[in-house]
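Only one chain comes next, encoded as structure tokens, the form predicted alone.
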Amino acid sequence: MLPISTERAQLEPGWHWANRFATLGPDFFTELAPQAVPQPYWVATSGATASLLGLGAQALASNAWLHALAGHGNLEGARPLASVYSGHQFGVWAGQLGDGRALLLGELAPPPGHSASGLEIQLKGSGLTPYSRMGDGRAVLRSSIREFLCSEAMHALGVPTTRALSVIGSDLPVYREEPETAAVVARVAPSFIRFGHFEHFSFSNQLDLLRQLADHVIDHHYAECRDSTRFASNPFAALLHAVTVRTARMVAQWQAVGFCHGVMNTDNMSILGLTIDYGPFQFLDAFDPGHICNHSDHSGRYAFNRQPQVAYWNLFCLGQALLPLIGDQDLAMAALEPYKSSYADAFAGQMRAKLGLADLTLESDSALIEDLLQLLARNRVDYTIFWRRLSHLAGGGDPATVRDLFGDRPGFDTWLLRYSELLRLIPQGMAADLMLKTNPKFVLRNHLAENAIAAAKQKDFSLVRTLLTLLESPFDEHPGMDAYADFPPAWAAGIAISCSS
């Protein structure tokens, strides 16, 4: 273990702390220092995310940055704070919540004229805050590795998401269902503001603060809403509309790639339409539209096939929160109205790309897609493997490699005949090329994460780093790594993922 560093963690020349969220004032947060984990050690880092912050490889190998990202406070210019928000959890109003185990260090801004935008850095697992309620303010190694890997995996898949800079481990004991060890994830995003921030100030009737928050989000992230003509120059209705469209498109991408979020509470929904708060998530193995990945979700509220409807329900809650600013219920509903068409269009576009038919808009497309999804569900076909093998089939591969995935082979043969007729309308090679860039070979399956976590508990982080390499370029073949793209073992069906972390 390295000694605690007293050296300041240095930013690259010209980069500086902007701390825009802190300008909102103390009604929105509590300033406090992180409670560092003792004797920290590197588990994994993302060079790609570091580059967004102007940080080079030397920073993520330094003792100074190790201790900074473990919460030791040696970041000059940062203003650590925990924000307050509220939310609906499993459809029930939960009242005041907030950053119970996370601290926003601040926003890192690039030098003038730089092409990058400012990004916030948040430490998750950095100790108690005024919003911890009955929690201990800590995160465990298990969930921290899962969040780190999935954040970077989703980005590589093209899904809007928060990013992850690092995982720092510690031998500090943390108690969940069983004793575990602590970890801190450094998360990165343009903003960590959630639907629940708006609910907090609206439902507590703090309307001046609600307006201040909405103005802040518009000014920094949705400037185009100031000039909206569609909503009679009502920037708050325009904001709701913009968030509605972004959220619809994000969830369509979840459904297309087979991603289950697991806990779509309103406090886990990003105002920027980013995937946020990776807890009991899962990528589908066998295709089961009703799959529930969170074993704490006893009612199945957040089952895979319910995610599109839940996202709309959450947007409706956001609309209620913004209604005092919008001032007209009909206008608010008009801002929400595009959700269905935006989702449907985005999902159809994603699925056409998965089939290599992106430039075709035939009436038969929707029936072909729906019939395929029903066929996959009836046969419980491995979702990721099916699409990857179909991509190779479209390039002239052996149909048997796909056909063998189905118990109902005549049913698949019938569908394949219809699909093949459409493929003939695409220039040779074009469909397969698109499909191999759309259908990943590698996703973060639960059993892969479990294996990496088991090794990490023994201080072996090599599998975490191997998975990061594969997940950063999931469409590449990576010769010699086929085992990481294979069917899950039988024991994977018994993996239980809950909200506890």
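Just so you know, these numbers come straight off a predicted model, no measurement behind them. The numbering used is simple: start at 1 and walk along the sequence shown.
Another form exists, predicted in complex with a small molecule; not displayed. Remarks below refer to it.
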Margin query: Contact check in the model of the complex: G349, K437 and K441 versus the small molecule, with a cutoff of 4.5 Å between any heavy atoms. Do all three pass?
Written below: no
Notebook entry, point to check: Among 267-275, 107-115, 330-338, 243-251, which stretch has residues whose heavy atoms lie within 4.5 Å of the small molecule in the model of the complex?
Noted result: 267-275
Notebook entry, point to check: Between the options D365, E224, D136, D288, which residue brings a heavy atom to within 4.5 Å of the small molecule in the model of the complex?
Noted result: D136
Check: Out of Q320, S132, T401, S296, which one falls within 4.5 Å of the small molecule in the model of the complex, going by heavy atoms?
Finding: S132
Item checked: Residue contact check: Q89 to the small molecule in the model of the complex, 4.5 Å heavy atom -> yes
Notebook entry, point to check: Does any heavy atom of F192 come within 4.5 Å of a heavy atom of the small molecule in the model of the complex?
Noted result: no
Item checked: 4.5 angstroms heavy atom contact with the small molecule in the model of the complex for P308 -> no
Checklist line | E199, heavy atom within 4.5 angstroms of the small molecule in the model of the complex | finding: no
